[in-house]
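In the form predicted alone, a lone chain appears below as structure tokens.
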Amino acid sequence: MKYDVIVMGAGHNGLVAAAYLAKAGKRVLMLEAADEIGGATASVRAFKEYDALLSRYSYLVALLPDQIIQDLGLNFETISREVSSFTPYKKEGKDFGLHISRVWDKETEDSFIELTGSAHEGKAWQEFYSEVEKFAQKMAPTFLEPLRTRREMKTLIGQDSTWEYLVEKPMAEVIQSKFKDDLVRGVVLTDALIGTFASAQSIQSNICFLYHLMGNGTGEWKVPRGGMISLVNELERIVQSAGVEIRTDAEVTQVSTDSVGVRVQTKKGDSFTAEFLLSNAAPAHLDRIRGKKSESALSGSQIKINMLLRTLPRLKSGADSRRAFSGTFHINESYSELEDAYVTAAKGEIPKHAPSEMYCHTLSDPSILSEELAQQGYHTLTLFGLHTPAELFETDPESSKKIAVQRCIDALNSYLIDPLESVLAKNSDGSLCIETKSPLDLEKDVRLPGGNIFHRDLTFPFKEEGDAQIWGVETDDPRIFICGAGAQRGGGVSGIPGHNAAMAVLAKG
């Protein structure tokens, strides 16, 4: 059967692409290797004895443009978090915490003064992020347009000094010049590192920072009501109503093209043809099934720990746990600790003072729990460990994973009155409700090369002079496009590369 477009991979980006194409009248077939759709945005009952849906691999939303939600008519809601972040620290033998509200307030101002002894860092914080937001408000809308060149983007933004320190010079320079306190510097740096194995001295950290602060021109990270599965369910509803054909358990094993179209073969032996192919898989995976050699790329650099708690643990600082855990909770993420952890990991060792961050979805949205669990005070907790590249787990995956997890837990426990182990829910066999995914697990489970959540190295959201790309989704074959996180302006739960791949196809007629 001949289709206009075949979409390989039914993750959220593939679903977005299929929705735009079908709404434009294209006959679309989606082929998904797994037995269910959603990819890395799927939600599961990670602990089978408990009715709690966890977004196993991705959990917050910032980069999904409001325009895509409106264009596709998605009934999808995200929830703003009142608390942006909370960072526990020790000072003169006592426990404190740096509280930062999403909207600057007196509590935030007082918290900066308590940490640093003056109002300087708080003012520097406001000035810096004000400039970043102005930058984002101009850059973010271009993500759904044809790529601009570096020069065009710089002219559009019109903030030459901000451009210099966000694009041209390593993040280390701006962080160290604008902030004096090691802890404050670290909180800024975290957005430049999540999922990326890089030093603050690397331009790769600048790119990561931009993607984490550009979403909808505000950079606000929100909680998806109902978990990520609510987004997947809505996209599935849209594509089915638009006539998209979805086949699961249909792993693509071969792709070939000629002058008239694309031929795709599956593991089961089925064969399909279309005018174009959109790949939601990582570019390296696409290269493998095309029989091409892939470029080397950074490995993934994170461990993901999903937990179910009977109750929230109390903090030594005396801060309200319900507020501290509702925002992003930073652990061992001062600037020096982050850089030390990078150096340690680069030497092939798991960092002893593991930097990580986490948040509690159910404090913003209890709907992912059954009514019974919610009434009993249960909560989910999601921890994201930094500077743990895939190479650290290759020799002995399970033992290395246990060490990394224990170091994350030990780091968290140093700030808790109630050790984490004492509040974790238990299964009937006595085991704790804690699940860990290393970069190697991500490669095995969702085919991310080296566990890289961005599919490959992130690139700036503009092109260099002379680059022939139009949408940043093109490949060396005019009939094959990237619609996943590996596209330029990919990464994160955004739908942006799905939109852009669909636009690239529609431009062909």
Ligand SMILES: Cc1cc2nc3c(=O)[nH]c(=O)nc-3n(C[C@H](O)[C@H](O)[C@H](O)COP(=O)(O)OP(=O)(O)OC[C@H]3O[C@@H](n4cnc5c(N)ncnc54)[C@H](O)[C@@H]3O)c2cc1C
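Predicted, not measured: the structure shown is a model, and the values here were computed from it. Each residue number is its position in the shown sequence, starting from 1.
Same protein, other form: the form predicted together with this ligand, not shown, and the subject of what follows.
- Contact between Asn332 and this ligand in the predicted complex at 4.5 Å, heavy atoms? Answer no; every heavy atom of Asn332 is more than 4.5 Å from this ligand in the predicted complex.
- Message: I'd like to know if Tyr59 sits close to this ligand in the predicted complex, meaning any non-hydrogen atom pair within 4.5 angstroms.
- Response: Tyr59: contacts this ligand in the predicted complex.
- According to a 4.5 angstroms non-hydrogen atom cut-off, is Arg447 in contact with this ligand in the predicted complex? Yes, contact at 4.5 Å.
- Task: Answer for Phe454 alone: is it within 4.5 Å of this ligand in the predicted complex, judged on heavy atom distances?
- Result: Within the cut-off, so yes.
- Query: Hey, of 25-33, 66-74, 463-471, 44-52, which bit sits against this ligand in the predicted complex at 4.5 Å between non-hydrogen atoms?
  - Reply: Correct option: 25-33.
- Message: Each of Glu92, Leu315 and Ala324 having a non-hydrogen atom within 4.5 Å of this ligand in the predicted complex: is that the case here?
- Response: No, because Glu92, Leu315 and Ala324 lack any heavy atom that approaches this ligand to within 4.5 Å in the predicted complex.
- Task: Tell me, out of Ala404, Cys433, Ala274, Val252, which residue has a non-hydrogen atom within 4.5 angstroms of this ligand in the predicted complex.
- Result: The residue from Ala404, Cys433, Ala274, Val252 that makes the contact is Val252.
- Message: Under a 4.5 angstroms heavy atom criterion, identify the one residue in Cys360, Ala281, Val83, Val264 near this ligand in the predicted complex.
- Response: None of the other options qualify; the answer is Ala281.
- Does any residue in 374-389 get within 4.5 Å of this ligand in the predicted complex, counting heavy atoms only, and if so which ones? Counting only heavy atoms within 4.5 Å of this ligand in the predicted complex, the single contacting residue of 374-389 is Phe384.
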